[in-house]
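One chain is shown next in structure tokens, namely the form predicted alone.
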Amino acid sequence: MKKRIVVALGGNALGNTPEEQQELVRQTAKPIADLIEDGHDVVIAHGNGPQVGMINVAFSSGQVPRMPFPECGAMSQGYIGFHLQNALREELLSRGIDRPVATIVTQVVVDKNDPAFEDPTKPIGKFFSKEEAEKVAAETGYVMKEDAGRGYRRVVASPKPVEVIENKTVEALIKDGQIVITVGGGGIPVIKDGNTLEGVAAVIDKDFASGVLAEMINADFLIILTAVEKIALNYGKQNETWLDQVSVADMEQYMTEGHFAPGSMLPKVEASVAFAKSGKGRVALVTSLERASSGIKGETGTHISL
């Protein structure tokens, strides 16, 4: 049965350099093309951590004017989308499937009163010594924090997404039979001020943004891709247990018990639970990229639903 699916790609699907990315996306395109070949409408989201950091560093060299961080995010959406859409188009055409693939530069509204702005925690850009960091902070107003004993880095807030501005554009393209790449890097964070959208220096978690988009376009499935085939309780321990079909209530209990690491699986579980709770019949699937098509068929992965 045809499903509307939002797929959130992890960073391992993109690589760390433009050259590495171009090679990796050719492999990434294959499992996504499987979903399309199975007859589903697919919307693709992705991270941008290494890419936006690289762009930010390039514009912080002193050789050119500094580029505001929201604009760095927009640039990363453009060049990641360029690589992804061409790789996917090529893969689809090789299978005899002629469907347009489009990248949308996507803005995502955040709340200016989000508590995350009071305590920025997301490191971006290069490392500095303490003295260099103090100088940068004085010159720019950036918040600089020590990062795991490796030096000081700029940190920005990671607020929760509220609304995807271009959701109707995405909806129109899907109805036209197109494959859409959107909310790249979690989207460009913006704050609404009347009719104005003002970009802010922040990083939105791509899984949360994918979940909000999936709600807004009434998707059937949110697929959050990881390095593992399923979510586990007691991961890496002797009593490790892999999860198959899980209710929202049980998953919330597992979160309360502290089964998922805050820096890795927890945000994926939180985003999955939020989407599954947002409407009857909505399913969040957490699995690996290679197993996405099998997961939709119920053959593998962790399925979270009401």
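When you see a residue number, it is the position in the sequence shown, counting from 1. Worth saying up front: this structure is predicted, and the values here are computed from it rather than measured.
Below: the form predicted in complex with a small molecule, not depicted.
Contact between Ile97 and the small molecule in the model of the complex is not found at the 4.5 Å heavy atom cutoff.
Mapping the unseen interface onto this chain, Gly10 counts among the residues with a heavy atom inside 4.5 Å of the small molecule in the model of the complex. Taking the partner from elsewhere, Ile55 is found to have every heavy atom lying beyond 4.5 Å of the small molecule in the model of the complex. Proximity of Thr226 to the small molecule in the model of the complex falls within the 4.5 Å heavy atom cutoff. This chain lacks the partner; the member of Ser264, Gln27, Gln253, Gln245 within 4.5 angstroms of the small molecule in the model of the complex by a non-hydrogen atom is Ser264.
The single contact residue among Ala219, Val108, Ile231, Ile179, judged by any heavy atom lying within 4.5 Å of the small molecule in the model of the complex, is Ile231. Shown alone, this chain has one stretch from 256-264, 63-71, 31-39, 276-284 that lies within 4.5 Å of the small molecule in the model of the complex by heavy atoms: 256-264.
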